[in-house]
Every structure is written in structure tokens, then in C-alpha cells.
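Only one chain is shown below, in C-alpha cells, and it's the form predicted on its own.
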């Protein structure tokens, strides 16, 4: 047998049965999709394949030979490369050093930096990836860091390659490069496992797929192209969703927030926009358009050069996120790993860390019963998959971490403006559906909701109005009734890139 086979893989964590007898086969020269909700066990399976976890039962066979990896180094030596959803890089090292981490050429105990750089440049050119080999990872965007992670795995010339949400932060151009690389690896008889919540990608790349739910295999489809999307969604989440966006019109109130001539950071010209009570406004643009930077200026996370904010008719001075939070403006950041969660703290700590100031006893002491009840309430309400509120948040899947961040802000008693930067990045369809319902509930109670998203169907599906940014400026806006994929892309891109982008954003 040529390829990869999982046989009866089992893995338990305290209070959690992560994998319960998962078996399937991925053939050489094919791309095998792995589908399931956040927390279904997909990433755990890849960590077992990559030697980070050891299974409690079952075995892995590569080309018919049973393998048991004691660590990640053993998996790499066996020809396995894993590209994880949560990026693993050293921020203070250069692109070259990250690409060759653990394999830097040496002579007499000294790193041969010139040889390393030449090798990195050659391989990047071969892969068709435009990255500065001397740039520090800390200076790169999330999309560029993700390309470094992808290139590092591919440069090991592995025969088994697993990709976990590889396009979640990529621009349309980088996504096209990745698609070309995947198809080339397939033609070279590599075995590929591909995890994505974007069904268009799966249908474009995958030959077959396996669906897991709650740690168990639900189904394997040998010919993905013959399976209706509705079947995949139903098997993934265990229920039917007629319309994932389930848009809910609502009456809009008075003007809530006015942003006037705000400038700073990468913005090429001052930005102005307004949002009303109960309104959901989407900010669309491809990676690098300046959407995140604009929201950070509004939130006070970055220093503005000029501009003013007016909240509920009164001028507002925001010098820091603390000022914004006190005024009722909150932000769920794009990079939840580095900016959204405190990884070594519990789920309860992460939920309560902002709102606890409203519930202190004698203004000094934590109200632990309230914090426990508050955490348990949001865990149930948002269906956060965790053994309990004491679980360290770093052990949760990305989608469940995102729900914890949402729960943190929902606990604020005087919310007025909620900024959600890529709120569903790397999140499964079921969790997306639940987060959209939270967004509608926020709007219904009078909050102004700003949604930054690189997924065009998402902004078209849930927003009342769409503001489009291009190269650091607001290029235009469209009301829901007039918005279409064609019109939004015409604002988001130069005309010569329109065709390629339409493929990437779907």
C-alpha cells in the first residue's frame, strides 16, 4: 500500500476523549480532505502524525509500514511534514533562519550564513514565493508568516504533507501560489492531508475526504466531487443548516459612532465613516488593504496622527484600549493567539478578565462565585467545547478560543461598539453559524458592529452595509441591497486582478 493509513487511533486528555477509534486511508498522489467542527479531533490527529502526541491506541502506517514516532524529529526523519493552523515560528529570527530551523548549514560548529541564505533564496524562487530572506518574522504580516511556515515544511522534501487551514490568513495571490504548490506535490506522488473549513477549496483540491465529529469518524467519501455540500455540512455538525448566514433584518437606530478623518499607520489618506445603532457594517479588502490598522486606530491600540471620534453625539478621546473599553468600544483582534488570549490562563480567567472590574467585592477582591457562574453561563450559551472553566485556554481549538474572546466582551455591561477582526478565521461552519447569531444579537440590542473580513461571501451574507478598502484607503461603500461580488471586487482590486481574486475569495 502506497500512502498513509490511520488504524483505530485513540487519544484521551483529562475529561476529553479527543479521538475514539479513527481509521481512514490517504493514497499517494492524492489530496485527502479532513473535515469537522473545531474540537472534532482533526488537529489532534495531525499532532499524532507529527510526533507531538503519542496515541493511546491504534497505529499509523506509511507505505504499509507501521510507524510510532517518539517525537517530532522522528516524524520529520520519516518524511512527515505538518503545517499547523497555529503558526510555530521564532519571531526574532530571520526568514532564512526560520526556514532552515534545525537544519542550518554549519562548518566547524559555526553557522554558514551565506550558504543558508543562498539555499533559502533558491528554494523560495523554486516555490514561487516572494519573501525577503533577511526580514525578521516579527516584522512580517500574519499572511507572510504563514507562507514561511508552509515553505519550511515543503523544503524538507517530505512524502507525507498535512496542511491545517493553510489559507486562513493568505491573500488571494498567496492562495493561488499555495494551490499551485499543492497540485505540483500531488503530481509528484506525495500524500497530502488538507484541512479547511472553506468548502470551495476542498472541492477544488481534494480527491477524497474523511469527516470526523466528536473524535469519531463519521464518513469517508472516495470521490468528493460527487458529494453535495449539504451532505458534508450535515455530517460535520450533526444537523442541517439551511442558510449559514441566516441574515436578520432589523430597524436601525440613531448614529452611534462617527469616525472623522482618522489617519495613522499604513493609511494613505484620512478615513471617515459612520455606523448606527443596531447596524452591522462590513469592512472588506484583501490582505494589506489597511482594515486592521484602521480598527486599531479606532480602538486606541495604535497612535493616530489626526482625526476625531464622536460616540452618541459626544466627542470621544481614545488614547489607549483602556479608554475605548471604558467608553464601550471593544475589539476582537485578528491574531487571537498573540493578541486575544492569555494562553496559560484558564477559560474562566480569559472570559472574566475585563468585566471583573464591575463585580469586585469591596472594590478590591475577586468575586469568585460570580466569575465561575459567568464563565459557565457563556460556555453553555456559546457552546464552547471545554471540559470545564478551569481548562487552560491554550488547549482549546482555535474556534473555541474565539468564542471565549467573544464571551469576554459580551460580559461588558455597557457595550456600544463591537469590532470583530476576522471573527471566523479558521472556524468551522457550525461555529460560524453560532457566531453570526451572536453578531445579530449584539446588533438587536443596539450595538454598532464592525466586521473586518477577507471572506467576501461572509460580508455579503451578514452585513447591512459594506465598506471596501484598497491600499490603505476607503475606496467606496455599498448598501446590502446593491452589493454583489462583482461590485465589491471592483472596489477592492485593480481591474487586471479581478478574475484571479474571484477564485480566491470564494
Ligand SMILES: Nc1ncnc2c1ncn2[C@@H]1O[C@H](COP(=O)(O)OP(=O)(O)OP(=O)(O)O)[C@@H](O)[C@H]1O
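Because the structure is a prediction, the values reported are computed rather than measured. Residue numbers count along the first chain shown, from 1.
Same protein, other form: the form predicted together with the ligand, not shown, and the subject of what follows.
Contact with the ligand in the model of the complex holds for all three of 197, 396 and 400, each having a heavy atom within 4.5 Å. Residue 165 belongs to the set of residues with a heavy atom inside 4.5 Å of the ligand in the model of the complex. Although the partner is absent here, residue 191 lies well away from the ligand in the model of the complex, with no heavy atom inside 4.5 Å. When the ligand is considered in the model of the complex, residue 470 lies well away from it, no heavy atom lying within 4.5 Å. Shown alone here, residue 463 lies farther than 4.5 Å from the ligand in the model of the complex, counting heavy atoms only. Heavy atoms within 4.5 Å of the ligand in the model of the complex belong, among the stretches 23-31, 62-70, 446-454, 39-47, to residues of 39-47. A heavy atom within 4.5 Å of the ligand in the model of the complex is found for exactly one of 424, 85, 352, 96: 85.
This chain appears without its partner; in the model of the complex, the one residue of 171, 235, 391, 207 with a heavy atom within 4.5 Å of the ligand is 391.
Contacts to the ligand in the model of the complex (heavy atom within 4.5 Å) from stretch 11-33: 13, 16, 18.
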